[in-house]
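Next up: a single chain in structure tokens, the form predicted alone.
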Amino acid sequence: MSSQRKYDLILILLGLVIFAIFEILIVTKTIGAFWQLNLLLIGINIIMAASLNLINGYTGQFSLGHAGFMAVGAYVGVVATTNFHLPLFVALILGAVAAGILGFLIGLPTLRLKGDYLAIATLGLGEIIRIVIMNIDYVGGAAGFKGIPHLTNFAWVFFAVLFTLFFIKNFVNSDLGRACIAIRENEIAAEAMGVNTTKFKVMAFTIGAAFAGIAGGLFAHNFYLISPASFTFMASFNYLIMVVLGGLGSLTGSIAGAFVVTFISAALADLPEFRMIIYALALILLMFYRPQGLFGYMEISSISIFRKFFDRLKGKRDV
């Protein structure tokens, strides 16, 4: 077995241990209802941050409309379960496919733009998606979609997070992912070396949109009502904060950023007017003292203490 496969197996086993611990704490009600909800939101936000990091961090594009794809996945998912009585697994797949197709169709024309122009275009497209949903009576319009079955639980969110992280990690470590990273580092040089930059940018955008659709489906089935107000520009900006805070180009950073931002939101639930002030101060301090984010390009396996731990575990398995 290759070293990478052993490393993946160790991470999966550690993930299962973490899942078992939290599942016991939830079943025994050691964790209260409020923090159970925020635990689910942390997982959903990790999926959103990791999928946005694939676009912004690994491919170097600046997208500001990620919440729009989350909205597509959410509404397609709730229509599938509420109106057509399909299981959650099928609803999540349909939401991912719908968001991915929309991401592909949007990415083809917009990803020829660069920098600020791309940011403005994706911001506008995210708002267009939200406004279109507001004007569709079939899904409740501006009032929102009601009567959604509460199907999301910790197991669904945890294993969706695990699948998302491993899929994106393997994609980034593949030839396709290295092409995306080459585009991030120097798009002109990548194109000169024969990389079809438009193809790989659209591919990353489509995959990121699809995973945002999965997050949207899980988010929608965690509540009995969803409305277009949940998918505004501020929601997209919130996910961008998670990515920048954790580190562009780091999945470990996406996890850390989602955890920190969600925890701050939960801790300041009684003081919502101070939340954005704290976000702003945190980002200002981060730009001063660690502009590359908490992890930069590093992953957890790059940190010396964890590298020694993983090497020791792999060594024991080789004996």
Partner chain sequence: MSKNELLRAENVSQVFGGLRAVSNFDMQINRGELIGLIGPNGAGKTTVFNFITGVYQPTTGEVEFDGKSVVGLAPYEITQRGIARTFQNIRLFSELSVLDNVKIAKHCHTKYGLLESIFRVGRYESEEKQIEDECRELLKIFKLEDKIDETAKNLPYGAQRRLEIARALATQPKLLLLDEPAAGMNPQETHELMEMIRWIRKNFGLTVLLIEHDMSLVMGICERLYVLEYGMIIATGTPEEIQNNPEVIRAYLGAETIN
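Since the model is a prediction, treat every value here as computed from it, not as a measurement. Numbering follows the first chain given and starts at 1.
Just so it is clear, the following notes concern the form predicted together with its partner chain, a form of the same protein that is not shown.
Q: So in the predicted bound form, is its partner chain close enough to residue 22 to count as touching (4.5 Å, heavy atoms)?
A: The answer is no: residue 22 has no heavy atom within 4.5 Å of its partner chain.
Q: Does any heavy atom of residue 94 come within 4.5 Å of a heavy atom of its partner chain in the predicted bound form?
A: Residue 94: no, not in contact with its partner chain in the predicted bound form.
Q: Quick one: does residue 135 come within 4.5 Å of its partner chain in the predicted bound form, counting heavy atoms only?
A: Output for residue 135 is no: heavy atoms all beyond 4.5 Å of its partner chain.
Q: Can any non-hydrogen atom of residue 129 be found within 4.5 angstroms of its partner chain in the predicted bound form?
A: No - in the predicted bound form, heavy atoms of residue 129 and its partner chain never come within 4.5 Å of each other.
Q: Given that its partner chain is left out here, which of 241, 123, 160, 179 has a heavy atom within 4.5 Å of it in the predicted bound form?
A: So the residue touching its partner chain in the predicted bound form, by this definition, is 179.
Q: Looking at 114 to 122, 185 to 193, 216 to 224, 241 to 249, which stretch has residues with any non-hydrogen atom within 4.5 Å of its partner chain in the predicted bound form?
A: That would be stretch 185 to 193.
Q: Please state whether all three residues 62, 104 and 232 have a non-hydrogen atom within 4.5 angstroms of its partner chain in the predicted bound form.
A: Zero of three within 4.5 Å in the predicted bound form.
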